Ligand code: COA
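Below, in structure tokens: the form predicted alone, a single chain.
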Amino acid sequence: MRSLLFVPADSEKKLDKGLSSGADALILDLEDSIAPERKAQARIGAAAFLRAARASANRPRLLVRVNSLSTGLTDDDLDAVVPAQPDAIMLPKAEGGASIMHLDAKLAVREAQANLPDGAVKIVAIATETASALFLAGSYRNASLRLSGLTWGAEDLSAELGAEANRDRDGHFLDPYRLARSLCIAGAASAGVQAIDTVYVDFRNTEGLKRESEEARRDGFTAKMAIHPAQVAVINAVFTPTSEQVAQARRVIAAFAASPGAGVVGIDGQMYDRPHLVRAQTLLARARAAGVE
């Protein structure tokens, strides 16, 4: 996945538009974008959309962001959507590996009830939305085989911290949120799952989105969430490996293949070691997933 587009689960029009957005994944939202009195209707809409969309050819991956475990609404969310077979559940306000194990157990029960294979529904966690979560970012490793990605958020965190802002006047994240971003990357790497960058809320600022996406890719993120369909094309372009990058990755892999057991190889006067090989293999895997290799 390169792009993950949030769509309110109670808007049939926006759900249908999401399918044609080009996003690699849609996040059907039952949390922040849904008013309390609309939660029940949103669950029905999400389940109906999942059943219809799963039958479509070349569909995006389908995630559902449920309400957090602390709200008391998670069980009702899961009861409604798991039988419709989402690809993954996005857990907001996750607080370390214990929260993933908690959600894993809930999913296992509902998969059994719906006659779905154990582990069919994966988990993507939003790992930095509470202050406590920051201290638990290293605990996701081995929490669950369902865990497939970690992402981060600044809006809920800034509210909990009592901050006046989370970005400076130039649109760059301030220090507490840079820390949260770094912990997300490290937590994802430790757990061996995809690192997904947070949303860029100024959705009309294409240049700002491009800059932030490029910085995220540089630092280790391999995808970014979107809040508007217009953001998808920019995100996909930034997180799709270029032909030059693919060609260089192939050269690195070929050089190591030609020298079995070598720890270091030389290409055009430059030395490449085993971490470069791992990076090249990862890039080719991303290129294949994006259909460019």
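This is a predicted model, so every value here is computed, not measured. Note that residue numbering begins at 1 and tracks the sequence as displayed.
One more form of this protein, predicted together with this ligand, exists but is not displayed; see below.
- Heavy atoms within 4.5 Å of this ligand in the predicted bound form are found in exactly one of 227-235, 261-269, 243-251, 36-44, that being 227-235.
- Between this ligand and the residues 204, 172, 218, 178, the one pair within 4.5 Å by heavy atoms in the predicted bound form involves 204.
- Residue 13 belongs to the set of residues with a heavy atom inside 4.5 Å of this ligand in the predicted bound form.
- When this ligand is considered in the predicted bound form, residue 17 lines it closely, a heavy atom lying within 4.5 Å.
- In this stretch, 48-86, the one residue having a heavy atom within 4.5 Å of this ligand in the predicted bound form is 65; the partner itself is omitted from this view.
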